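The data below hold one chain only, encoded as structure tokens and taken in the form predicted on its own.
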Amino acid sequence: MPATPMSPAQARQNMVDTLLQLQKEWGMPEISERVAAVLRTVPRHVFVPEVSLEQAYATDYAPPIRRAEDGLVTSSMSAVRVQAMMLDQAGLEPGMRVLEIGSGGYNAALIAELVGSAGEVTTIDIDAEVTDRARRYLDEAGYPDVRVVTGDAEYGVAEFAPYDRVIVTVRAWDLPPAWLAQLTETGRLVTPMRLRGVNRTVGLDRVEGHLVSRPDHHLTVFVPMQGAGAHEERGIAVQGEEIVLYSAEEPVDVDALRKALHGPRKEFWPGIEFTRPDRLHLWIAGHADRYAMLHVAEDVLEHGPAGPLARQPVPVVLADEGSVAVRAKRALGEDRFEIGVFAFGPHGERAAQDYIDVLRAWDQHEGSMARIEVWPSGTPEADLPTDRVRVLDKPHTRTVLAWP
């Protein structure tokens, strides 16, 4: 007998049950009962009719909504585990006014359920095809009161401000002044941020004219923002597309670096276990001075520095004459790893020692969560927090990294 097809209602239950199980097994961010309830309610498959029911309700799949002519995804529905995390970061309550930046329709419907009939939801996207689609599927799913706006989210949507919450579902390299200006005095912004090449999704509370992070930011990946806030992050091609350096803040001798990476290396294993990698990456970004991110393609994993390295970009410390220290790891047993440093080039050992000093400080600090504060550009140094570790300056903002 053929199997009975799964109903959308059952698929929603299975999706939430899987999320809750992953939360227990892998230590994923906790999902509140209110968010779990709306995930069981809103028909996610209505917003992505191009994919199968199984794909629509997969917990870690981000269905593409719009592609450019070259095939690059310019808009997608976020993976449901990420949406659940951000909704809990937002702390939505009945009656709140919410602006969502980046439209797909489904997330706006979840927000509408959480703020209820007394609340207001406005969602904006720069792409008319995306907003037309969101409007159509929101109506079909039973959410006609959600406002859908076509426009450049760099400027927010002043017409319906102020907002208790602004939720950003695209990667923001900088935070436009309009987002802060359109928040209420006690409002909260939840947004992906790019911090020296490290991606974090952060809940930021408005505090007297600036933003202060809540202690629950997480690693996520989003498509980049378009329009006036777009920022193209170009890597330095060390070896074509196989080895690329990102977020370097100083000139790099590419020929010397390529030669160093394929030359001899020295290994250092300081006896530090590899824990909380997402927090570790931001710690390194905050504490290492001559810093960058190195990406090594999968097909060259057995050459140069790549053997035991992660396939994702890893933080590195640079030195003179193309020298570099690269983070590595090796297994200590089941689900346990030791973190190490590989040194390349004539000054690699010095870079490695600097890297190890950062790692030892991390180990002694027990992996605490960074505090992130965002201040308007032009804020004097004297007005910034005195415990700051690093200040990241961008056109609109000064972002302060500190650790308790």
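All residue numbers refer to positions in the sequence shown, first residue = 1. The structure displayed is predicted, hence computed values, not measured ones.
There is another form of this protein, the form predicted in complex with a small molecule, and it is not shown here; the text below is about that form.
Interface residue remark: Asp216 is not counted as part of the site for the small molecule in the model of the complex, having no heavy atom within 4.5 Å. Remark: Ser103 counts among the residues lining the small molecule in the model of the complex, judged by a heavy atom distance of 4.5 Å or less.
In the model of the complex, the small molecule sits within 4.5 Å of a heavy atom of Gly151. Looking at Asp253, you'd find every heavy atom of it more than 4.5 angstroms from the small molecule in the model of the complex. Only one of Glu242, Asp127, Asp278, Asp320 comes within 4.5 Å of the small molecule in the model of the complex through a heavy atom, and that residue is Asp127.
The partner is absent here; in the model of the complex, the one residue of Ala141, Leu180, Met193, Met77 having a heavy atom within 4.5 Å of the small molecule is Met77. Using a 4.5 Å cut-off to the small molecule in the model of the complex, each of Asn107, Val170 and Gln226 places a heavy atom inside that distance.
Of the candidate stretches 216-224, 196-204, 245-253, 265-273, only 216-224 has residues whose heavy atoms lie within 4.5 Å of the small molecule in the model of the complex.
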